[in-house]
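First, one chain by itself: the form predicted alone, in structure tokens.
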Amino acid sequence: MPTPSTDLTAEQIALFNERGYHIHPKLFSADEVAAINAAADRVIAGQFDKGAPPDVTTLRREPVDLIKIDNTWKADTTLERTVLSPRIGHIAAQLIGAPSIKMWHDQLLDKPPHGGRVVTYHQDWAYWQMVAECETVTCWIALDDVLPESGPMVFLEGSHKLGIWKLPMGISGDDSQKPNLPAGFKTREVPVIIPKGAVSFHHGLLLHGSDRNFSPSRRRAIVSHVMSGECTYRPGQEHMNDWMMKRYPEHPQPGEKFRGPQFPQMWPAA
């Protein structure tokens, strides 16, 4: 497979600004996806070729739950290469007009067959208020073909233009708490039905959620949550990154740009 282009057209960027999302086909080859899935299974099994664990591991094996692991890039070289890929960083930079892109954090997600909870409509940046500016993008790499019955993400198109919303009572559960949109606001629900190797990018304020996985197959993804290199640290809201970054001598002070080992640069490549 030739190296896929990461150059976006002015029309693609304009559509992202209007809709709040961009779907990029086949950024990762079938061989790459197979290697990523093998690495993901190793990390789930507690095998870390970098000699250190991820930051947070939630292994919920009951039929209605899912596996979620944060900052796998610290644990595995294949996953590190994937989530810090300059391919992803270059696209994200163009979408938000950023001169550089840093990792905020990654997530490995594994919805089991006939399982996984409903994920309530929410905005990612609402949980990341230690990032003072909403110059963030979620880059969702499909590791299995995403089918209508496998619990795909669903975007509320254009909802990023409505500003920040109150956090839902709970992000995961058996019901979907749809937001009360303003009268007259026109949107549509867009299920993200994409093949493995494709990547979905969405704005930090875009409302999105997902249903349970009703299919007989796993629905796996690895996600790079990224931010502009110009973003600054604002303390106040509790987040894993706040206490993790302070384990390192180099980390930002309030009002400073994010720096230090917790937030590696993705683009331009070092």
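Everything numeric in this text was worked out from a predicted model, so none of it was measured. All residue numbers are counted from 1 along the displayed sequence.
This protein has a second form, the form predicted in complex with a small molecule, left out of what is shown; the following refers to that one.
Any idea which of 158-166, 180-188, 107-115, 70-78 reaches within 4.5 Å of the small molecule in the predicted complex, heavy atoms considered?
Of the options, only 107-115 has residues within 4.5 Å of the partner.
Decide yes or no: are Val119, Asp124 and Arg219 jointly within 4.5 Å of the small molecule in the predicted complex, with each residue judged by its heavy atoms?
Yes, all three are in contact.
Decide whether Ile194 counts as a contact residue for the small molecule in the predicted complex under a heavy atom distance cut-off of 4.5 Å.
No.
Is Ser85 close to the small molecule in the predicted complex, meaning a heavy atom pair under 4.5 Å apart or at it?
Because no heavy atom of Ser85 falls inside 4.5 Å of the small molecule in the predicted complex, the answer is no.
Quick one: does Ala93 come within 4.5 Å of the small molecule in the predicted complex, counting heavy atoms only?
Ala93: no contact with the small molecule in the predicted complex.
Using 4.5 Å between non-hydrogen atoms, is Met153 touching the small molecule in the predicted complex?
Heavy-atom contact with the small molecule at 4.5 Å: present for Met153.
Ala39, Val223, Cys231, Val33: which sits within 4.5 Å of the small molecule in the predicted complex by any heavy atom?
By the 4.5 Å heavy-atom cutoff, the listed residue in contact is Val223.
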